[in-house]
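Quick setup: one chain, the form predicted on its own, written in structure tokens, and binding and motion questions come after.
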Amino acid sequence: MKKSALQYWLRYYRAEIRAALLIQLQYRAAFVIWLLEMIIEPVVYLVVWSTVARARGGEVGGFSPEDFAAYFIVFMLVNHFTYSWTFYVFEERVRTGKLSFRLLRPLHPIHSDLAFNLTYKFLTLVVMLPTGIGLTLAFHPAFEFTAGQVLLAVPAVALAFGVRFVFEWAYALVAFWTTRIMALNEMYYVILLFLSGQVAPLSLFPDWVQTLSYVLPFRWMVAFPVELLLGHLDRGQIIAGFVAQAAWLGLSFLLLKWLWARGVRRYSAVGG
């Protein structure tokens, strides 16, 4: 039975990934726009903070221009592996009735979104990795990776993706109660921008912001695996980080299950 179930899921995801691949290749323009956004934003922050560090005598908050280069290049790649966009598109599914077709399928819609997301990540690696190499050659980052850090970063990135994907899928379900959530999405993005370490390393923020980042899930979506890989964390901080990731992943699943059960009952399709 277990082997049969595993074969079923492998066949399912193989089919979903194949379909996702065909769809993404059809919409190449949107594909390129998403990709450029993932690259340009961290490069802008890299240039700005490196310039500020040079203007202040060579460092800011213990970060030299080379340290900023290392941080934002690693952040760009980790953010790519954890990025999710469901909360941007879910509102349209509810508002236009597209969700109705997904509900007719035998499996939860989250599975097709997961397959689509994973397909996007692997497709864009052919651009992201050369970009990372190019930025490394251009900005001379101060990388000091150890084998232990790299090995620990793998599960940290996987858990970060899990937390971000499940939490944002749960957050997207707010669309069941209000179908105009663009303002909420923008507010969410601003919070994520600061508390995930995207604008700057979290150690540069005031203490109250850093404390808030430990309590909320955003740090564990991106900043934690970046800091781990760069060697900015001690053993206790690493253990605490993995515990926080596991806790937020579990809480996000419970939140998703609770909101989905109530949201589907409330849902009424409009149009198509």
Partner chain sequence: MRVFLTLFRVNLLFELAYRSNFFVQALESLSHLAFSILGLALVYSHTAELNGWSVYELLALVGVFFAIGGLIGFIIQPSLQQFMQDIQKGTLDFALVKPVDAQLLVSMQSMRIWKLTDVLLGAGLIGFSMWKLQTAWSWLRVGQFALALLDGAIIVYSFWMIMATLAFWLIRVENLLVIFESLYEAGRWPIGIYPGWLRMALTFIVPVAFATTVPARALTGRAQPEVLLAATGMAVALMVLARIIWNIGLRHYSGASA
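All values derive from a computational prediction rather than experimental measurement. Positions refer to the first chain, counted from 1.
Beyond the structure shown, there is the form predicted together with its partner chain, which is absent from this document and is the topic of what follows.
Residues placing heavy atoms within 4.5 Å of its partner chain in the predicted bound form fall in a single listed stretch, namely 32 to 40, out of 229 to 237, 242 to 250, 32 to 40, 216 to 224.
Although the partner is absent from this view, L151 stays clear of its partner chain in the predicted bound form, with no non-hydrogen atom inside 4.5 angstroms. Although the partner is absent here, L193 is a contact residue: one of its heavy atoms lies within 4.5 angstroms of its partner chain in the predicted bound form. Looking at L212, you'd find every heavy atom of it more than 4.5 angstroms from its partner chain in the predicted bound form.
Residue contact check for A200: one or more of its heavy atoms lie within 4.5 Å of its partner chain in the predicted bound form.
Checking A138, L107, L129, V89 for any heavy atom within 4.5 Å of its partner chain in the predicted bound form turns up a single hit: A138. When you look in the predicted bound form, the only residue of L103, I133, A147, M187 with a non-hydrogen atom within 4.5 Å of its partner chain is M187. Taking its partner chain as positioned in the predicted bound form, the residues of 33 to 71 that bring a heavy atom within 4.5 Å of it are, in sequence order, I33, L36, E37, I40, E41, V43, V44, Y45, V47, V48, W49, T51, V52, A55, R56, V60.
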